[in-house]
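There is one chain below, alone, in structure tokens, taken in the form predicted alone.
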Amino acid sequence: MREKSKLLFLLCLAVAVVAGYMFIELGPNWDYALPRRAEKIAVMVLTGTVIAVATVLFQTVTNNRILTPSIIGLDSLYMLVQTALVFFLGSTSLTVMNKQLNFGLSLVFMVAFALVLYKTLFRREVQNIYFLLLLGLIFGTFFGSLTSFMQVMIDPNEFQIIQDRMFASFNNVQTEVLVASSIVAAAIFLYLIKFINYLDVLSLGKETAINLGVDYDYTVKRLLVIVAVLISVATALVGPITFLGLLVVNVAYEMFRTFKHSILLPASALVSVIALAGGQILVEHVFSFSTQLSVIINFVGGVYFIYLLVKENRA
């Protein structure tokens, strides 16, 4: 009952923050402003939910609370794709300017990379998860190096286009892209239901899960694919937010202190929505658009990540 009360509190707080964003300083032109704010809120809810769910799944599979799905290099690959498009095609290319086409291309590249990585990786039987993390770090560094190389050589005027893609933005998402992202996310969530009952057991560790009858390799492979698709959708939709998942999921862990994923998944999603909507209120009404929401999230998340490292080291 206590857990349900906390969930209800988070739900009420999320509704309050969302309502605050919708109606604070709405002004007389509400018929113009309200639909655009509603679209931004829809993007925040979708992005926050998929990142939170993906991070919970990833930490469950790896059995480590200080890891984030970004470690497998998807954020770096997204920036490489955006930079390569401008570098080879130019900033006025249809592929760069058309948001639907850009979204689809980015999503295909990131999901394809994750699938190839998993397919190659899981041919081995020993330490697959740790080898995956190591390869993710290597590929992330490699993609980052290629991106930096092309950015140095690119025209300064065209670099501004890439610079806009470096930070997550909720301001210019088109309705068609939002609808496509929602359809993909909904399909993945429906597929995830099949594995919900295994998550609590997986959190006990590989050996325990196998002893309790879980087909570990089959389940983990599919959960990692789900994670890759969800993170790819969020990144292709708004851009990279590296530390959001790490921040909101650990806040949910601290609030509920439970292994039950039936509690952790909705709690993490609600905390994520609160963080994004509350952060956007700060960006628009306190900082007057002088900074990006992803900068605030990554700063707070980075500080929290250091705190978790120090805490784990002391433990």
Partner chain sequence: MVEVNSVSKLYGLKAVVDDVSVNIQKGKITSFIGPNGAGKSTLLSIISRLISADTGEVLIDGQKINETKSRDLAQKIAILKQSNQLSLRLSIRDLVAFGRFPYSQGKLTKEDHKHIEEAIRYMELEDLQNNYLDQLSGGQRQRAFIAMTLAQDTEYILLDEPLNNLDMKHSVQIMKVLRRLADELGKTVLIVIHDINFASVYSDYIVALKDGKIEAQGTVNEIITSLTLKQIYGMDMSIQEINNQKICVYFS
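Note that the structure is predicted; figures quoted are calculated from it, not measured. Residue numbers count along the first chain shown, from 1.
Quick note: we don't show the form predicted in complex with the partner chain, though the next part is all about it.
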- Query: So which of 177, 107, 214, 79 reaches within 4.5 angstroms of the partner chain in the predicted complex, heavy atom to heavy atom?
  - Reply: 214
- Item | Selected contact from 182, 171, 208, 148, since only one has a non-hydrogen atom within 4.5 angstroms of the partner chain in the predicted complex | 208
- Task: Name the stretch: of 266 to 274, 253 to 261, 38 to 46, 280 to 288, exactly one has residues whose heavy atoms fall within 4.5 Å of the partner chain in the predicted complex.
- Result: 253 to 261
- For the spot marked by 157, 165 and 292, is every residue within 4.5 Å of the partner chain in the predicted complex through some heavy atom? no
- Should residue 118 be counted as a contact of the partner chain in the predicted complex, where contact means heavy atoms within 4.5 Å? no
- Any non-hydrogen atom of residue 226 within 4.5 angstroms of the partner chain in the predicted complex: no
- Is residue 242 one of the residues lying within 4.5 Å of the partner chain in the predicted complex, judged by heavy atom distances? no
- So, in the predicted complex, is residue 203 in contact with the partner chain at a 4.5 angstroms heavy atom limit? yes
- Item | Partner contacts for 268 to 301, taking the partner chain in the predicted complex and a 4.5 Å heavy atom cut-off | none
